[in-house]
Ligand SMILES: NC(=O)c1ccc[n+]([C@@H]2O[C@H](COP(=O)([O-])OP(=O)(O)OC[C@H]3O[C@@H](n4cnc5c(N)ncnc54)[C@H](O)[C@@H]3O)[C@@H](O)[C@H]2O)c1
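Take a look at this single chain, the form predicted on its own, given in structure tokens.
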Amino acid sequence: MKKIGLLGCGAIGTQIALAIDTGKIPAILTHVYDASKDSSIELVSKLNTKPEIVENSHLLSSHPVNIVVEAASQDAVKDIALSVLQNKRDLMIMSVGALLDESIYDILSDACKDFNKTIYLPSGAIAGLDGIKSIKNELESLSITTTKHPRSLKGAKFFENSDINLDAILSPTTIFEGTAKEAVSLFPANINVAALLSLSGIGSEKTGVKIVADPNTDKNTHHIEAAGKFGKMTFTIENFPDTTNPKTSRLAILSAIETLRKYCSNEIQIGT
């Protein structure tokens, strides 16, 4: 069975760990780390098979794991991704926005080739990435409109220099329009879907992003439009937020679990 190291013991990391512990993912969780040791301890207490808590994130890949799963932050990706590959471990990244820094993307892409390792990026809270990837060379336009309840947007870097009062919004209100690169920088915990979409298609500076705050919704909705020589694609995904973290869609967690299950399984693979 594959051995897994987990970086990040919050909402996503906890659900991944529980999926491993219950056998949904055919693997063994051997090591975990979180910047908050209390979070690590709390996670381990929920598991029947107890992984070791390591003292810093770089120690995860120094142990004989097959893959390190990042479920922490963009900063965590920037800090440990290269060392994971250098230690000849595969890596699954949830905080995909970190890869919109072209220098980081290029370094990690080269490292995958140099060390013969793979980085996995789950589809997260959106669908249709297999279609976008297949027609990316014929894409002429690509955009995503994300609608969330204002509470799930609180704390984003965007509001440090904005006069928008989320508590005062009474109807659907567009609070941001720009590129995926700008959106991921200003909403690092909210809009990883835009990063994934841009990486699958025409790049972060050509992918349009609109963020709408709607106090009347109980879902995270993503509407994607793609057009080009191939024709046109549209997708609308309505996700319920995870009960433990409204910033995260339930689908993002299920996508991470399925990506890891697929990595750990020997079976017929469906889709591209």
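Sequential numbering from 1, following the sequence displayed. What you see is a predicted model, and the numbers here were worked out from it, not measured in a lab.
Omitted here: the form predicted in complex with the ligand. The next part is about that form.
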Give a yes or no on whether each residue among 7, 124 and 192 has a heavy atom within 4.5 Å of the ligand in the model of the complex.
yes
Proximity to the ligand in the model of the complex (heavy atom, within 4.5 Å), stretch among 136-144, 166-174, 91-99, 153-161
91-99
Check residue 76 for me: does it contact the ligand in the model of the complex (non-hydrogen atoms, 4.5 angstroms)?
yes
4.5 angstroms heavy atom contact with the ligand in the model of the complex for residue 12:
yes
Since only the chain is shown here, I'm wondering whether residue 30 would be in contact with the ligand in the model of the complex (any heavy atom pair within 4.5 Å).
no
With a cut-off of 4.5 Å between heavy atoms, is residue 49 one of the residues that contacts the ligand in the model of the complex?
no
The ligand isn't shown here, but in the model of the complex which of 216, 36, 243, 234 has a heavy atom within 4.5 Å of it?
36
